[in-house]
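Presented below, as structure tokens, is a lone chain in the form predicted on its own.
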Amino acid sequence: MKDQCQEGVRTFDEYEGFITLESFIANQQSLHPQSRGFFADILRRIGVASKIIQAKVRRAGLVDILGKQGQINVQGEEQMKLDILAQEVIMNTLQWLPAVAGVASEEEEDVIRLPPHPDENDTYVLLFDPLDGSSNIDANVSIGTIFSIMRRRTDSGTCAMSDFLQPGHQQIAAGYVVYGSSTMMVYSTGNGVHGFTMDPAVGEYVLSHPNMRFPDTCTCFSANDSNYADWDEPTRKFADHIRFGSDPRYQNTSSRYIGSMVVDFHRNLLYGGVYLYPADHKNKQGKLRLLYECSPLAWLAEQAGGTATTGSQPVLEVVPHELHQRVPIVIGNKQEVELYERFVREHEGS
């Protein structure tokens, strides 16, 4: 991205290692003179929320916020203490923004509708997985936050469920934060994918990975192999083709699976690869949530030159019919995703 500045002044591209998230957002906003700054404020506040969460994550073993909370969430999963803390941080950070009409979270059964603002600037809804991979928390394995932003469909007043039940291609921004050896925020507003790494010395996100793209190589095959026997035939054939076949493209492919989808996706975005969590005998509709995990990451994959499929249609084309809908997903390098779709078509035609 080039800064619109007078001749002789250096562009942002020459200062990639020194561009903060704040200055990057401000520069993006300057390219839209009609902007009132509401959307930019949401991105800034997501950055603030993630800083608070990463501070809590790094101190989790010292302040008794590891372990289980003793409650079951709407997914039927036992909540971790950090799940609830991350949910509270996000809500407390975002609920006062006049641009936000409502928030949906993987941890909440229903949407959280915010009171209409007098100036009727509440034009966006947000969807979150506050802490993806939280089952890995106690093992000190990387985890993350996933977010999606959509423009509301209804005109005014309290937001409606239809504002949230939109197909993924209607997103106007999506991203994630990885809490690992470093904290990194990656997002797209439809103009490429950009990654920012937290500089702990100054407490700011700094542009470290501009214009991220999937490398044209399948370095990583990411799947929960313990489910292999429960996969359908085309999925098993696809996995066998990559792991045991003679195709030269896959001679150096390694199995890499963490169990935090956002972290598996992040690694594959950096190194090239494919991630799959298909439907199986136990999870006939798939296991991962469409609105909180699959759609946001599919949006990023498309922006980074990759793609995502359920096996029968692009993830971004799935029209949700419920808030916590689950879908199968294969996501990553376009060549591998298209190969999976070919195996599915051949099986259906046999």
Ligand code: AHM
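Keep in mind it's a predicted model, so treat the numbers as computed, not measured. So that there is no doubt, residue numbering starts at 1 and follows the sequence shown.
The discussion below concerns the form predicted in complex with this ligand, not included here.
Residue-level contact is defined here as any heavy atom of the residue lying within 4.5 Å of this ligand in the model of the complex; does Arg45 satisfy this criterion? Heavy-atom contact with this ligand at 4.5 Å: absent for Arg45.
Against this ligand in the model of the complex, would Leu131 count as a contact residue? Criterion: heavy atoms within 4.5 Å. Contact check for Leu131: yes, within 4.5 Å of this ligand in the model of the complex.
Please check if Lys287 has a heavy atom lying within 4.5 Å of any heavy atom of this ligand in the model of the complex. The answer is yes: Lys287 has a heavy atom within 4.5 Å of this ligand.
Quick one: does Tyr277 come within 4.5 Å of this ligand in the model of the complex, counting heavy atoms only? Heavy-atom contact with this ligand at 4.5 Å: present for Tyr277.
Heavy atom within 4.5 Å of this ligand in the model of the complex: which of Tyr228, Tyr271, Tyr257, Tyr250? Flagged contact: Tyr257.
Considering this ligand in the model of the complex, which of Cys159, Met185, Met261, Leu127 comes within 4.5 Å of it through any heavy atom? Spelling it out, the residue with a heavy atom inside the cut-off is Met261.
Based on heavy atom distances of at most 4.5 Å to this ligand in the model of the complex, which listed stretch, 132-140, 89-97, 186-194, 233-241, is the contact stretch? This holds for exactly one stretch, 132-140.
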